[in-house]
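Here you get one chain, nothing else, as structure tokens; it is the form predicted on its own.
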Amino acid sequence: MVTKFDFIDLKYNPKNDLICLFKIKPARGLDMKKAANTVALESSTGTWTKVPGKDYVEKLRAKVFSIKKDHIKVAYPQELFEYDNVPNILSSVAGNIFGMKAVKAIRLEDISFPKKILRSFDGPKYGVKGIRKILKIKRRPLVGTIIKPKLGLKTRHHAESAYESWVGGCDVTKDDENLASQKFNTFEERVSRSLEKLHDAERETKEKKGYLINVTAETKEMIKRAQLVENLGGKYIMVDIITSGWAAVQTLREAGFKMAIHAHRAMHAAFDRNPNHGISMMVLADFARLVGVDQLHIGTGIGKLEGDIEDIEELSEEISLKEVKATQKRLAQKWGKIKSVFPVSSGGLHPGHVPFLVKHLGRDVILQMGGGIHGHPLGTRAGAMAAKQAVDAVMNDIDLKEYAKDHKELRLANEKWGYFDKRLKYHKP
């Protein structure tokens, strides 16, 4: 006979389990223990009423092994999942539970994978070390930009903007999330013209450059587009991982291409913006690393998008460290053979933000500025120069105001947008 709380075992010590950290607000009239039990049963072997059971099924129950205020930890036996199947895993631990009447709100805060599940995935092809090797940049943060305006530019002007960015000092340029193959800028022409300009920029600067072209589409078309990029000598592709879907991203990663995968997180806020309900960016980042992207947007903590810098620091650690230690908001994870992901800070940034970002996120970060480069008073090339100058100043421990005395491009950027000094005091324009 099933007891009232058969899915709770506060003495259980997880071993070969997938673990989820949930934040729960029980429905009116229910206590936390009842709500927690309901979450565990609905996401594993239980249902809303008694049904005939077997002993071997009961051994596969999820177990709530920790309840602390509004947070619970649930251990799921790894046998419940098809190891290399992200949709299957998410359908279990993040499926029906979000619509249950037993909870007023529920948020999946973090997830930790056992060794067998980790070993079933490829993870990133390159990771931080591999990307640095491709671009031949050993220590400093990478400088990137997004071509702006994000939509509407004709292909010729798009490619010219990318070229100006590269010769100005950007290491990588990228499409934005909603540029696909519109009539004003078709995919085939864009990849051809832009990679031609990339090769021009590499010859001129004697530096390696990357173009992150958006291949997001129906899965077969996405593979076709990626193949074209590789045929033309591209080093990178970009994909909108949330809107494409995990299965499509996994297919792209396992297709055998030699290119690095840049992951845009468009639509993530539909899952993670509500602090009490949904799925955190930490979880989305875990799955992105698992399926094998090489770079991932994490936010800024200071630009135009939502997110505290402390949360973004933890997110950066989550995707870039080999072993992650548990915190109040995060589970421990040993990533084993799964390589690191290069954190990308992007969203309303300009050169004056560089000291703040490097202080909080370290050197293993891609600093991606869109309007903060193309909106420079002297244009895109000068904007890219200012961004690279800001990175050079920080790497040499020189205040941006001091460095700007001999670098006009940085001085004009500081005057237009403001800047952080070495003490991280912000000086308004």
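Residue positions are given as counts along the sequence shown, with the first one as 1. Note that the structure is a prediction, hence the values are computed from the model and not measured.
Below, we turn to the form predicted in complex with 2-carboxyarabinitol-1,5-diphosphate, even though it does not appear here.
- Residue heavy atoms within 4.5 Å of 2-carboxyarabinitol-1,5-diphosphate in the model of the complex occur in exactly one stretch of 140-148, 214-222, 106-114, 327-335, and that stretch is 140-148.
- In terms of contact with 2-carboxyarabinitol-1,5-diphosphate in the model of the complex, the residue from His277, His268, Arg253, Lys339 that brings a heavy atom within 4.5 Å is His268.
- With the partner omitted here, the residue from Gly234, Gly123, Gly299, Pro355 that has a non-hydrogen atom within 4.5 angstroms of 2-carboxyarabinitol-1,5-diphosphate in the model of the complex is Gly299.
- Highlighted residues Gly130, Pro343 and Asp364: none comes within 4.5 Å of 2-carboxyarabinitol-1,5-diphosphate in the model of the complex, counting any heavy atom.
- When 2-carboxyarabinitol-1,5-diphosphate is considered in the model of the complex, Glu177 lines it closely, a heavy atom lying within 4.5 Å.
- Heavy atoms of Lys209 never reach within 4.5 Å of 2-carboxyarabinitol-1,5-diphosphate in the model of the complex, leaving it off the interface.
- Put simply, Gly95 is far from 2-carboxyarabinitol-1,5-diphosphate in the model of the complex: not one heavy atom of it is within 4.5 Å.
- Using a 4.5 Å cutoff between non-hydrogen atoms, Ala386 does not count as a contact of 2-carboxyarabinitol-1,5-diphosphate in the model of the complex.
- Residues of 329-349 lying near 2-carboxyarabinitol-1,5-diphosphate in the model of the complex, listed in sequence order, are Ser346, Gly347, Gly348, Leu349, the criterion being any heavy atom within 4.5 Å.
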